[in-house]
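As structure tokens, one chain now follows by itself in the form predicted alone.
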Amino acid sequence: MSKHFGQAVEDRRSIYAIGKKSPITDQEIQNIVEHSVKYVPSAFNSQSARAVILLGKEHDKLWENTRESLRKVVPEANFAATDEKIQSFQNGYGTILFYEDQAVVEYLQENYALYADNFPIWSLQSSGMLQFTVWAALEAEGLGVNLQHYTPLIEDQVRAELKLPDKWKLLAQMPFGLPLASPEEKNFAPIEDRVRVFS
């Protein structure tokens, strides 16, 4: 990572205007995702996170299929805006799909019954940490990134096409590419209303 961690956290933003180029190689993208999946924490060291990287035609196919799935549920009169949004994702260089392996979650529920209700929550928390880590790392290398949630609308079709395990639950889609525009200035609520210190 070429930036200091704090700066990477600060600079991470939703970038929707992205192009089909990358300032880093496909191997470097894979390295970022693999490193993040390996080292992001998980409850009981369960390592339930799964990630799929789609590049080239596979990336384009994901968003084309998403467009067609949405066409079936979005009224025609409103579809132009939806189509434009999907095209902005398809314009990117690639997409990362974030999954949680429910077989791992269920195993923990069965073997640690005292915490059974918490494991699905902890699984989501771990996935959130993974998504943020990958997002910040990609941004630090000069990529524009945003996060989408077209689940469960596209989940079954994606699973079938990629031949993924039935127990992998799709949580988010992360399109990325060369940033073509800067994000708008972000407004912040007063930090003193959001953080309290007791000593």
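Source: prediction; values computed, not measured. Numbers follow the displayed sequence, beginning with 1.
Only in words, not in the display: the form predicted in complex with a further copy of the same chain, which the text now covers.
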> Even though a further copy of the same chain is not shown here, does Trp168 get within 4.5 Å of it in the model of the complex, heavy atoms only?
Replying inline: yes
> Contact between Ala137 and a further copy of the same chain in the model of the complex at 4.5 Å, heavy atoms?
Replying inline: yes
>> Is Val9 near a further copy of the same chain? Define near as a heavy atom within 4.5 Å, in the model of the complex.
In response: yes
>> I'd like to check something about Gln157: if you look in the model of the complex, is any of its heavy atoms closer than or equal to 4.5 Å to a heavy atom of a further copy of the same chain?
In response: no
> Can we say Val33, Glu58 and Lys163 each have a non-hydrogen atom within 4.5 Å of a further copy of the same chain in the model of the complex?
Replying inline: yes
> Who in 17 to 56 is close to a further copy of the same chain in the model of the complex, meaning a heavy atom within 4.5 Å?
Replying inline: Gln30, Val33, Glu34, His35, Val37, Lys38, Tyr39, Val40, Pro41, Asn45, Gln47, Ser48, Ala49, Arg50, Ala51, Val52, Ile53, Leu54, Leu55
